[in-house]
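A single chain comes next, written as structure tokens; it is the form predicted on its own.
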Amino acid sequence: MAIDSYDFQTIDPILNWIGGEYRASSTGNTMDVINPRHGKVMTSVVLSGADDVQAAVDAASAAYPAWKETPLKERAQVMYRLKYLMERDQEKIAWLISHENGKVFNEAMAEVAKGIECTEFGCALPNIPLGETLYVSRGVTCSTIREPLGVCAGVTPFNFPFMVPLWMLPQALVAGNTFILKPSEQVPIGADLLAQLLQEAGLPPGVFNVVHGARDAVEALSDHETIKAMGFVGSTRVAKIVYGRGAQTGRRMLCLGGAKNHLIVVPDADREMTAVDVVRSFTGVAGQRCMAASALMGVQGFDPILETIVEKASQLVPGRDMGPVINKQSYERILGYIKAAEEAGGKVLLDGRNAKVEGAEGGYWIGPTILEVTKDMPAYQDEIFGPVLSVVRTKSLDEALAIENAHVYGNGGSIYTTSGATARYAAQRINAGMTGVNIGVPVPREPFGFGGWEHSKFGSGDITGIDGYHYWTRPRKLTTKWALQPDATWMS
């Protein structure tokens, strides 16, 4: 395929990838995949059911014994080759992501770059001490060996169709597991590309499988007792359901949910840096990322900074600087939040509801929107998942922290200030698993783990970094003795 522009283009239907080959769904059902920039059908994807999940489990189970016995260093070589292939095809992958997800090209390129970074961590695993050994008593040695779990699965969202699967795959595969991926049915192309690239990188058939579908496929994965661990990234509403359903089988579940990330701005913050950073945070990927700034807590006296934020956001051009939202339902839902805030007495400081892009008039366009609201309004309380920044005025830093800490989500939060003392005070009190100082998107880079608190995560540990490796493995404790010691004690 030669997609190298935003011009609309159709592609072949997307099938399941099971046991190293493409397969149609046993249900016979398909769904249209919409290009959100143009609002037109670009391809279709199969919708799978329990029989397709069973076929993937069978393929993964058959591939597991040989893959488990493959030395870890050899398993990691697949990640080295995958990294090279992603670098080789970065532009091609980015254009396909742009067409299925709506990102502008440079955002899609950044997504692939982050996926490459995640893969690099998988390459590094053989060089990280992954177990411990200690001579604990006369003639007795204790050691911990981390072993794979078996067949594992992941369910990933629409906003990062290529990157989020790579939060899971390098650690899970290098650890020796086999894997079944269920991507969002709205964006099936990224997962299909990963299947092709992993095959070219030398991954044996059945080690990685892709089952496309919607609710039926997720429920079948959640219920299948052969699957030993499952990762999920999506909304909090669905994360709770998936976590509860999967946990009943006794397997490991780690489900990342939604967010309402707070940026707290105090009057001494650097005006230019803060404004640029805040705008990038709430408009990047059209606000459709779990780390996007969606609530700005302004401490009394911050108005000059707010004016600059509005000014800079107004200069962004939809279609060039930011993409559309994913679908018509999201478009209408976001417009509903803006209208409801306005009707409840909120101020629309910047209105993006009339955004239009020449040549893509059918797309789901919403420009940067800034609302001034109160903490009881849905525009503040709910995760809007669009390019909308809700501003709440506070009289003090402590009031801003109290409002932030009372929110049900705890994914990300940042403080903007030029004072080290203020930064330290706030960073120790913001109720979020990922906290930043003068950072609009406080995402930790590899090898640090990604994961929030409160209703932003269900399960223990983080999904990336060394926590991710630990999640997809289990420790075996081995105690050995080879000879009776002449000076033996009760411990030996």
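Numbers follow the displayed sequence, beginning with 1. Remember, predicted model here, so these are calculated numbers, not experimental data.
One more form of this protein, predicted together with a small molecule, exists but is not displayed; see below.
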Any idea which of 184 to 192, 262 to 270, 131 to 139, 391 to 399 reaches within 4.5 Å of the small molecule in the predicted complex, heavy atoms considered? 184 to 192
Is there a heavy atom of Ala214 lying 4.5 Å or less from a heavy atom of the small molecule in the predicted complex? yes
Going by a heavy atom distance of 4.5 Å, is Pro165 a contact of the small molecule in the predicted complex? no
Verify the contact flag for Val242: yes if a non-hydrogen atom of it lies within 4.5 Å of a non-hydrogen atom of the small molecule in the predicted complex, no if not. yes
4.5 angstroms heavy atom contact with the small molecule in the predicted complex for Gly410: no
Heavy atom within 4.5 Å of the small molecule in the predicted complex, from candidates Glu107, Glu383, Asp277, Glu372, belongs to Glu383
Considering non-hydrogen atoms and a 4.5 Å limit, which listed residue (Phe179, Phe302, Tyr364, Phe232) is close to the small molecule in the predicted complex? Phe232
